[in-house]
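This document starts with one chain, in the form predicted alone, laid out as structure tokens.
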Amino acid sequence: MQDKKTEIPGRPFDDLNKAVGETVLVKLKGEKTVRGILKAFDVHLNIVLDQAEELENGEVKIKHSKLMVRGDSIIMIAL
């Protein structure tokens, strides 16, 4: 009989730590969407994105070299 290994899901901050330096998609309140390279985050989920782009209907609307997003405006982060 084989032992089944139970996979323990990662904690959210562990997953975010793994995503630092990777491109993420962030949905914000007010139906805004941004994407960029995750550079940093804190316990309040404030995040810093490099090479950030504001998207509208999937198309780039505005480009930013660096964008800081307040954590309480974030609805979802796709890694």
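Numbering starts at 1 and runs along the sequence shown. Bear in mind the structure is a predicted one, so any value in this text is a computation, not a measurement.
Below, we refer to the form predicted in complex with another copy of the chain, which is not included among the displayed structures.
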Touches another copy of the chain in the predicted complex: G58 (any heavy atom, 4.5 Å): no
N46: touches another copy of the chain in the predicted complex, heavy atom cutoff 4.5 angstroms: yes
When the contact criterion is heavy atoms within 4.5 Å, does N17 count as touching another copy of the chain in the predicted complex? yes
Sequence-ordered list of residues in 22-61 near another copy of the chain in the predicted complex, where near means a heavy atom within 4.5 Å: L25, K27, L28, K29, E31, K32, V34, K39, A40, F41, D42, H44, L45, N46, I47, V48, E54
